[in-house]
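For reference, the chain that follows is the form predicted on its own, supplied as structure tokens.
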Amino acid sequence: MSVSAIGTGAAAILARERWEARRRWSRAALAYLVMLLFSLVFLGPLLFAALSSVKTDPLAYPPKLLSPQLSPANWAAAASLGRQGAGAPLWGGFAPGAAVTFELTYFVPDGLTAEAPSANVPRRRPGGGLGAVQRITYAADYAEVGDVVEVARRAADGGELVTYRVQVGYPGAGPTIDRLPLDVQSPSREQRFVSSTLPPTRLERLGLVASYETITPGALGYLLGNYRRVFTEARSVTTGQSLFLRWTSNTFVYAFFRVLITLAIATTAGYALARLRFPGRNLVFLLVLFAQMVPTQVLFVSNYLVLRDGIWGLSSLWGQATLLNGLPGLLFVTALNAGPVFIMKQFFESLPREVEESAMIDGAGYWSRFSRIVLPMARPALGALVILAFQGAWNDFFWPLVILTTPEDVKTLPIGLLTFRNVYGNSGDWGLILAGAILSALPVIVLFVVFQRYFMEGVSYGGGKE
């Protein structure tokens, strides 16, 4: 064979290898593109809700993905105003001795004489809903609004851009107030608002009034104002504590005990059904399968009556006439679940018997083999079960809605978010509702990230059987 033929063959092999490499890369790129599209479909609503949760008006039309709250320039302006208001560039406020300087720019068309707008600090409550019934301190009782003066003027197409400055002071002594609202009214509809040190919360009366919920928010207060309101506005009428914190703590306690009870029952019952031989074993397993098929709503009335009567009066032994409006009653009807028992039984059956038989030869009993050998090998399944049980408890809605009715302090987080929806939704304050929803999703996301390895191992172990 000639040298040229050998060179031609090597070149052909090299070209084919390059073509195969490009083909592999194109397939990988296509797979990643498909995964990216699926992730956008599933995570898109959560991302959109997170971006909308920082807006002062998520219902503004036309809708925009980005908002003024996401602008670094506005963060800097908010930090400067918060420092002027209370010496707090992060969370802002309005404290004695403050002197807040605020500027606004208007467009004045040709032929119209520019007139200074009027500014005042209104007696306005924060948002609506639960914040409307709180006893608050109004900045209007302590603020002193100076004259609105012109500070700059420049030419523009068809007219001029005129900038005005107003100073709001806090003379004398008094409490520190967390917000300083401001309303600035244009003298005429022809003199149109253009911009200000911070964008207005809303333009009212067909653009005649630029309204601000607070002009001293601070950088974090400007970005996370709705999240701050979630904790500060909704307060218990009886204790004065934050209802959102109370709902969150109730849900954590409920989820914690439900996970413990689920793990205890699922592991012991699953191991007994997988390894022990006793009369009626198959019948018990059939009952477990049957219990999975029965919807919760079918047992709604009977379980409710049992809880109302305190488990046929047994709860009176420890001083409770009824198990309604309490976490013990909620755990009584939700912790016993056939699904985890089935999962653990299938997992235990996939484990090799030889390991237990070796321990049996060494004299280990059922409990010793279960606690020292089987459970450590079941960590992947237990991790998956923790995630499923915690997520089920954290997002549980039906039974908490039925059992936990009054007072507001006993509710769990999903029912509390329903309260937000009923109270703030009527006033169109969806920013606070979305902020509460995003906060409620964070613990489940964190839990999945922490236990992700165990969850994936549990799925892979449960997928096959020796």
Partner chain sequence: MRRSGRELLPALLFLLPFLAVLVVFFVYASARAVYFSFTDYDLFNAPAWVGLENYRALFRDDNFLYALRNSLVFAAVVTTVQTAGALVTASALNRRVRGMTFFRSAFYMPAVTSSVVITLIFLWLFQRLGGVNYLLTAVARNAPAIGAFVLITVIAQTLQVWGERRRWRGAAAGSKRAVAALDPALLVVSLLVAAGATTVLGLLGHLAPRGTEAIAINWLQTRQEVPAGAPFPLRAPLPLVAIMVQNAFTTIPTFMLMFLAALQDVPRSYYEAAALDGANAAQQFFHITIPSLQPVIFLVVSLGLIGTLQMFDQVAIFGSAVPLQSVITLAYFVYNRMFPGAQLPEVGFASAAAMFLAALTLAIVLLQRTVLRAEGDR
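Positions refer to the first chain, counted from 1. Quantities reported herein were computed from a predicted structural model and do not represent experimental measurements. Rigid core here is just the name for the largest C-alpha set that superposes within 1.5 Å across the two forms.
Form predicted in complex with its partner chain: not shown, discussed below.
Proximity of Arg277 to its partner chain in the predicted complex falls within the 4.5 Å heavy atom cutoff. By the criterion of a heavy atom within 4.5 Å, Ser315 is excluded from the residues contacting its partner chain in the predicted complex.
Within this chain, Gln320 is remote from the site of its partner chain in the predicted complex, having no heavy atom within 4.5 Å. Among residues of the shown chain, Leu417 is one whose heavy atoms approach its partner chain to within 4.5 Å in the predicted complex. Val306 is the sole member of Ala79, Leu223, Leu161, Val306 with a non-hydrogen atom within 4.5 Å of its partner chain in the predicted complex. Only one of Thr232, Thr268, Thr137, Ser350 comes within 4.5 Å of its partner chain in the predicted complex through a heavy atom, and that residue is Thr268. Considering its partner chain in the predicted complex, the lone stretch of 250-258, 336-344, 376-384, 152-160 in range is 336-344 [heavy atom distance within 4.5 Å]. Of all the residues from 44-73, those having a non-hydrogen atom no more than 4.5 Å from its partner chain in the predicted complex are Pro45, Leu46, Phe48, Ala49, Ser52, Pro58, Leu59, Tyr61, Pro62, Pro63. Once both forms are fitted on their rigid core, the CA atom of Val100 lies less than 2 Å apart between this form and the one not shown. The Cα shift for Arg275 between this form and the one not shown, taken after rigid core superposition, is 2 angstroms or larger. Fitting the two forms on the rigid core leaves the C-alpha of Ile343 displaced by at least 2 angstroms between this form and the one not shown.
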